[in-house]
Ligand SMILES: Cc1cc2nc3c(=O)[nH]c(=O)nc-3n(C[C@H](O)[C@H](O)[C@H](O)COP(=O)(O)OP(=O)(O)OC[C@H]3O[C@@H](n4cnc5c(N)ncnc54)[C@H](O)[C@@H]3O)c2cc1C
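Okay, so here's just one chain, in structure tokens, the form predicted on its own.
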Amino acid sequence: MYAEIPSGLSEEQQALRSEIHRFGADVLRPVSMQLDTLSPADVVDKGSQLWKVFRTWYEMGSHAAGLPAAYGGLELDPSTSHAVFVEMGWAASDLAISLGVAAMPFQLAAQVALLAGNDRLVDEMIRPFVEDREARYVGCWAITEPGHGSDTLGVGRAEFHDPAAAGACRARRDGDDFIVSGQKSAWVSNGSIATHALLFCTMEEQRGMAGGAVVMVPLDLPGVSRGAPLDKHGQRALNQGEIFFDEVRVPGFCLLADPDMYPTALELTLSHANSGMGAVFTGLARAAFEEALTYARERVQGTKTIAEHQLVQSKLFSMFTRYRQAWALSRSVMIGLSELGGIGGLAHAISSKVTCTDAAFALASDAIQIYGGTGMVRGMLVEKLLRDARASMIEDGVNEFLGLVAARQLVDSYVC
């Protein structure tokens, strides 16, 4: 009889994983399937089921899972975090990303506050987020611009220091404050609903992209406006939209990284984002495999189920193997990054993201092949999995470009 390889999780960790799985099966997946059919405006409407998801997540306290215990966060260990991300990706990758991004500004702000002792940041933003049980504090990561996409992530590459390549969204000092002007593109995840932006902008354009800064921007400040949410092919429950900054005055305590610290802050953020993507889309890969296996056991062709045909068996085994490879890599990278403190492991994080998103797309495609024509029908989970997985190879950095960023890191610093 087949037996699952032990996960290495304690009873307490397994109980948490089971809780997240139930939340995924009972809430995330059905809501994501419903939101998939709605217009982008209806997805973010106050009467939308999207807010049921957010409120439930915050009521569980799960939104603070990645924040330090010193500020009231859960501070989950990396193996538990991996298990949680996989279960969420299994249920609904679009909502998993939305909920994960909602915490990003507060997580980075908490790390900065621990190092710098920024009490005002803690009192005005971090603790209120941790204590929030109604989803009143929602974050977004604002880095992409109309003229800049994956190239903004090219830390370590020569063009990253080219003044001609500096970003167009700028922040300048004005006394103790900063004035922000410019635009972030329609691909900002949670851009339509966020209350706070983790804004990556240019402060010293003569340094190129390396002259950036990271600023925590409350989005209710005068001068902030937004575009309409984007109408997309996949991950439709993940709202994305433009944010405009017109001479927005941001208090000085909101600065998280100046140009001297910017490359390190970018590497840290990208490493955590890519390792999270690896885990989430490992979950989608598992969902695709399980859907294909379930259907193959049920679908009769001729006198037996298609699971009895050797060609289908071979495809199922290939899918299973690729899912397990993604699971092992994404887990080891997430644990390793934690041991490194997030710095120095960017190539590993990118490897996880690229490998696991490629696997998710391949497995979703294989699942549709096993389903046949039925798998191409709107409303079928495997059809949605394919669209959602396709987006993963572009978001948080196009896979091909991320590979070049990782290669530069390996050439410069890998020890043989």
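What you see is a predicted model; the values in this text were computed from it and never measured. From 1 onward, residues are counted along the sequence shown.
Heads up, the form predicted in complex with the ligand isn't pictured, but that's what we're talking about next.
- This chain lacks the partner; the member of Thr202, Ser98, Gln235, Thr269 within 4.5 angstroms of the ligand in the predicted complex by a non-hydrogen atom is Gln235.
- Taking Val44, Ala391, Ala65, Val27 one by one, only a single residue has any non-hydrogen atom within 4.5 Å of the ligand in the predicted complex, and it is Ala391.
- The putative spot formed by Val280, Phe289 and Cys356 is not touched by the ligand in the predicted complex; no residue has a non-hydrogen atom within 4.5 angstroms of it.
- Shown alone here, Leu153 lies within 4.5 Å of the ligand in the predicted complex, counting heavy atoms only.
- At the 4.5 Å threshold, heavy atoms of Ala92 stay clear of the ligand in the predicted complex, well away from it.
- Within 4.5 Å of any heavy atom of the ligand in the predicted complex lies no heavy atom of Glu131.
- Interface membership of Glu159, defined by any non-hydrogen atom within 4.5 Å of the ligand in the predicted complex, is confirmed.
- With the ligand left out of view, the stretch that reaches within 4.5 Å of it through heavy atoms in the predicted complex is, among 211-219, 109-117, 327-335, 188-196, 188-196.
- Scanning 127-151 for heavy atoms within 4.5 Å of the ligand in the predicted complex gives Trp141, Ala142, Ile143, Thr144, Gly149, Ser150 in sequence order.
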